[in-house]
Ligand code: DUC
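What follows is a single chain, given as structure tokens, in the form predicted on its own.
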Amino acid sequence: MNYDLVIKNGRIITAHTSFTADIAIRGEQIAAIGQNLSGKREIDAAGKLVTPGAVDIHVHLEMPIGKFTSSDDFFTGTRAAALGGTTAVVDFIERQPGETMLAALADRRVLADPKVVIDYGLHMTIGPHDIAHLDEVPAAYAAGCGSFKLYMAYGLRLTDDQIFKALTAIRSVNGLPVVHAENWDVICTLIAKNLANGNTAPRFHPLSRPAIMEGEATGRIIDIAALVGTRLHIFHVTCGETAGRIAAARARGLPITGETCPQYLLITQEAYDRPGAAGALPVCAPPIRTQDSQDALWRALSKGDLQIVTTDHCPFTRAEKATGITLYDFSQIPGGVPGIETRFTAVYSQGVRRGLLTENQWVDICCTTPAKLAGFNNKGDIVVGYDADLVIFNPEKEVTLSAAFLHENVDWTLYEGMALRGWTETTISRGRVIVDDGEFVGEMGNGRFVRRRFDD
């Protein structure tokens, strides 16, 4: 039988097994897996790894923060994602006062739909002004927002009683609550104390957001979720204190999951000591922490105490990041770092290559579990009938990361000069080759909004 596209001779890596075979694609789906398959187009993947497309369920594209907006739009951000082997992302919606959740979803899709080059979903944010509108949660869920973002920090911060109400509403539709867990009251107190003492430099950013209080906030919302009887996903875990709370909850049988990000796995807080604006570049929240915290995160991924790696990709230009330096106030630095293109390789190079993870764990952490967790029901695995989202990955290709090498729409990278081994050569999105031998050949609008939901 002849197929549209066949990937031949590659070593297929899934979350559960590894084997050499051909993969045949017809239309947008995987049609067959076997030997000696033939197609109208054939790609020889001998010596390469063939994986599911990676899934990143935590990105911020065209996101306003104060007077700035993250510098990657839905085209440049998803293009960079595709070049790094990612074939689906989940971004965010923030409902504005006076509009419904459905209107906010429609507005966000107006921005995204014409630009995305890979498939995407959206988390619906529930902030303090949304608590009076929780009756709109069922409509948002029915429209494809399978997950809902809660903050325990910033202006969107919910109090504990509001968290209880929001979690109850999300549970009623079987949605997934995802949370930014920090203790905002303690953070604000420490920021004010540091600034009053003249401690204005970026190095005081992590000192104002201590790991123990990240762990405390995580434990608190886990307990509220347990009372409500809902599952819960913890965003951007930075330390053993938080990973330990998640592990303890899971040991009690609670449906709690957690993620970490490349910046916490590759960089330590000494980066904040760099002179001038360079020290502002790593500012993100929760902050990058110590080497001990980094080691704890790798152990947690290896043991399964953390389930996935996302990016929290939220880039701002070097000039925008320097704002807090010129104002002598580290708390005014726009928080966020780029990473949407580097995640898949970073976890392979620094995880698998160093013996901290197996190849199957790499795929599970970056592809399979993120897809399942977020409700991408036909993605994240290599199975007949699934979307033909696939990556041909060269495990021997050596790259040196730099702003010039990467395709994110920002003039710096945290990983400048970092050497990695392994890189995506070909990315296939629903059967279409959109990265060919390292070159982007896709089109704006190729991606689709995916209505995510979970089996009741």
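Residue numbers run from 1 along the displayed sequence. Because the structure is a prediction, the values reported are computed rather than measured.
One more form of this protein should be noted, the form predicted in complex with ligand DUC, which is absent from this view; the next part is about it.
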Practice problem: Report whether the minimum heavy atom distance between His236 and ligand DUC in the predicted bound form is within 4.5 Å. | Solution: yes
Practice problem: Classify Glu259 as contacting or not contacting ligand DUC in the predicted bound form by the rule of any non-hydrogen atom within 4.5 angstroms, answering yes or no. | Solution: no
Exercise. Indicate whether His60 is a 4.5 Å heavy atom neighbour of ligand DUC in the predicted bound form.
Key: yes
Quiz item: Given that the partner is absent here, does Gly336 sit within 4.5 Å of ligand DUC in the predicted bound form, heavy atoms only?
Solution: yes
Practice problem: Tell me the stretch among 339 to 347, 168 to 176, 283 to 291, 112 to 120 that has any heavy atom within 4.5 angstroms of ligand DUC in the predicted bound form. | Solution: 283 to 291
Exercise. State the residue from Arg79, His180, Lys379, Arg95 whose non-hydrogen atoms include one within 4.5 Å of ligand DUC in the predicted bound form.
Key: His180
Quiz item: So which of Asp130, Asp364, Glu320, Asp312 reaches within 4.5 angstroms of ligand DUC in the predicted bound form, heavy atom to heavy atom?
Solution: Asp312
